[in-house]
Each structure stands twice: as structure tokens, then as C-alpha cells.
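Next up: a single chain in C-alpha cells, the form predicted alone.
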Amino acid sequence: MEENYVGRERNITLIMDFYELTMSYNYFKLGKQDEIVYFDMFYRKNPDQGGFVIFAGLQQLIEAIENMHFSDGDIEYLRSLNVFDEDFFAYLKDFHFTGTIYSVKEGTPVFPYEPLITVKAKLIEAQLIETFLLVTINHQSLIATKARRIVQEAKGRPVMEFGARRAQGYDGAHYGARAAYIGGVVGSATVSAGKDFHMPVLGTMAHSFVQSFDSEYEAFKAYALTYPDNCVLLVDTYDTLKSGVPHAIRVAEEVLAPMGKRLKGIRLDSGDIAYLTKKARMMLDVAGLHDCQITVSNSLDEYLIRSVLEQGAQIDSFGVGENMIVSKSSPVFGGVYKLAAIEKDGQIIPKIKISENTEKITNPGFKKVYRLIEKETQKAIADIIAFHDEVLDENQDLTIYHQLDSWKHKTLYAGTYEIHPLQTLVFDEGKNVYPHYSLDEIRIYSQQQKQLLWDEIFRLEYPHMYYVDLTKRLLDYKLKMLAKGKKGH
């Protein structure tokens, strides 16, 4: 069971934009608080101009919603703002989430414009969860995606997450490590993540350890005597090739070998990685340390990893810090939360946001999203968004349409494809019904789901843009609403 590193009962209810409260107060004064609405959380653009995103953070969102309440201290603070009345405070005092939430399963590769989370709830409830929903999913999805890109370019070599000291605060380090593990790293240097999420923690020594001894050799010897079964030495404090590697070899021969132990590895954290690892490998092999592994760190990202491997660098594993934990090259994930429909007299009334920027036009209505799998290849063809009450039949031809241009379409023929719902029920009228998955289960699931997608989607440059299309019924309704909106209705 995952635990929050400051306690599972952590209340983050007030992590919200103030306008969530001002809008909610207005709804309350108008008596609209119990109206049922539908919101979609989705995003418009993949980070790093990539072809995919790994959906992450759902477990923390579930915990936040389960713990959502306004404490006496919260209400006292809000009272001090002199904006709301006592009737509203009485409402907030008894507040808890009673709505229904559907979500993509954590670890799933997802794509722009499809509903990742759909919230059906009373108006104020749906409004007040917006900010912490977005900050939770946006952050972890961003880091999981960056980790997946980096791990991909390591070509099967283990990647370790070393970024806590460069993270955007404590939560960034803690939950970023969790997200990176979903993305494929083998472990993290962040101890709290190991404790709370039961993921491997990794680490050996810093340069300060070496500097604290009278000589590099004495530092290495001390470490080897303490950790003879897991001795990895940092060899670049002074001079990698003239000092660090020779001293590591000497310790292997003079300290470890008499104990019947082997030097497990060396680590480089600076210099020309490609050149130094090739020279170090030669020196280790000459000394008979063929099984001694070489780990590198030092401001790595997916592009530098790819580059040094293309140059023939002799690297067995990577430690990646700042470029992963903050997704330095693309540090903002633009997930949004938009009203899609309201209920009136038992009828679901679709709503749409219209903009001069076509990418900001939303898809109206209470919807479901499906992944279409080609039977012959067992690869995904596209995702399709449909109204919630549409019935899709694998035994019939299915034509899918571009989100705005009806002339862009593709027909899938009966019997050639499978339909897989992407969303699953998470909260049912306020009750959490989503299974609790361990972090390892989420990680494995994510790796399995990647196999359903073509490799071209994961290219770093000019990836294939995966189709997220609409049914004919949804597209026609959307175009009708757009035409009506242009007339000022």
C-alpha cells in the first residue's frame, strides 16, 4: 500500500485557484450547487514535440479526493478573507466528494485531445477538485513521459533516477521519482520514494566522500571494506584515467580479491563520457575486471545518451538527474479541465468551448474513448471518442473522422479490429471502486501497453502522430454547435 510521505491523511483541499471558490460561492448563492455537470481532463500537445504521454498520478488523485474536506483551520482562513458568508461555510464544513469519475488506467500511453479523466458530479464538487486534479496528473504524467523517452534511448541499459536535489520542491522529488519509475527507471536515489512506493533505492558515494580521506586510494579502500559485495567507486574526483581507474583497480586487487570479492563497478560524473568510458573499459579489461560495470551520470538526457552510445561509449547503466526530474527541455504539461455537458430535467446537454484557435475548441458532451486494435498485427490503429450512449460494434464497418475536418476519415472493416475501452470507473457516487495497484504493477502494465503501439510513435524526432478521431455522430454534433456558436447563440 502506498503511503503519503507526510501521512496518508494529508489534506490538500486548499491547493486550488481562488476562483474555484468564488465561482462555487456564486453557484451556492444561486442554488445551483446540486446541478449535475460533466468535465473532461485532457491535453493538447505532447511534451518535447513527442508522439505520446504516459498517464500517471491517478493513485495520488484518488487519495486527495478521498481526503478532501475543509478543516476548521481552512474555514477560519477563508472567513478571514471577508468574501463568503456563514451559510457557505456551513456548506463547506460538511463537504465531501459524492460524484462519479472515470479515468484512463495509470501507466497507459495516451494522446492529445482524448478524455483522460471524466468527472460527473454536482457543480461545486466538480469545480473544487479542478486544480489539484490538474497539478497531480500534469506533474506525474510529464515526468513519466520524460523518463520513458530517456529509458528508451538507453537501449536496455538500466537508468537510475538521481534528481531529487534539482527537483521543484519536496513533492517534485518524491512524486517525480514515482512517476519516473512508471516511465521505466530501475530505481531512485530518493529514500522517501523507496519507503512509500516500495521501489528500489540506489546510491553509493559523492565526491565529498573521496575528498574527506587523505588519498583517493584510502577512500576507495574504506568503501570496499564496508561494502565488499556491492562496491561501486566514483573515479572522477581528481583524474579519471590517471588516478581514479588505477586506484579502483588497485582496490579490486589488494582489498577485494583477498576477500574473494569482485569490484562491482565504477561511476563517472564528468568529462568526455564517450572517450573516458572507452579508455576505462580497456583498463579494466586488461586488469581482468571484465565484469566490472561502468555507470555514468552528469546532466544526461535522451539525446546525449543516444549520442554517446552512437559514439561507442562503453556504458552499462545511467544515472539521470535534473533533465528527468523537471523535464528540463519541456517543463510544462498542459493538461486542461473543461466543462463538457450539464444535466437539465434528466437530459444531458452538451457544451462546447469555441475559440479562434482551433486547438482550443473542445469536444462536447458526455463521452467515452476507445482504443482500436488491428487483429492482424495486434497494434493500435487509433483512439476514437464517442458519445457515452453510442454502441460500437466490432462486427460492423466503422468510419472514424478527424476532430474538425470530416473529409479526413478512415474506415475499419468488420472483423478486422477490436474495441477496447480506455476509461474505467474510479469513483462511483463518491465511493472509490478502483483497485489499488502496486507501483510495480503499474510499471509492468505501462510497458505492456507500449507494445500495442507502433515504434514510429516513440521516435524522438518527427514521431508518427497517432490518430484520435471522432465518431460521425459526435463530429456532426460538434460541427452543428460550432455553426450555431458563430451565429451568437
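For every residue, the number given is its place in the sequence shown, counted from 1. What you are looking at is a predicted structure, and each value in this text was computed from that prediction instead of being measured.
What comes next is about the form predicted in complex with another copy of the chain, which is not displayed.
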| property | result |
| --- | --- |
| Residue among L300, L268, A189, A252 with a heavy atom within 4.5 Å of another copy of the chain in the predicted complex | A189 |
| Contact assignment for another copy of the chain in the predicted complex, among L309, L392, V201, M283, heavy atom within 4.5 Å | V201 |
| Answer range among 459-467, 432-440, 416-424, 26-34 for contact with another copy of the chain, defined in the predicted complex as heavy atoms within 4.5 Å | 26-34 |
| 4.5 Å heavy atom contact, D236 and another copy of the chain in the predicted complex | yes |
| 4.5 angstroms heavy atom contact with another copy of the chain in the predicted complex for P331 | yes |
| N138 within 4.5 Å of another copy of the chain in the predicted complex, heavy atoms | yes |
| Another copy of the chain contact in the predicted complex: L14, any heavy atom under 4.5 Å | yes |
| Contact set, 335-352 vs another copy of the chain in the predicted complex - heavy atom within 4.5 angstroms | G335, V336, K338, L339, I342, K344, K351, I352 |
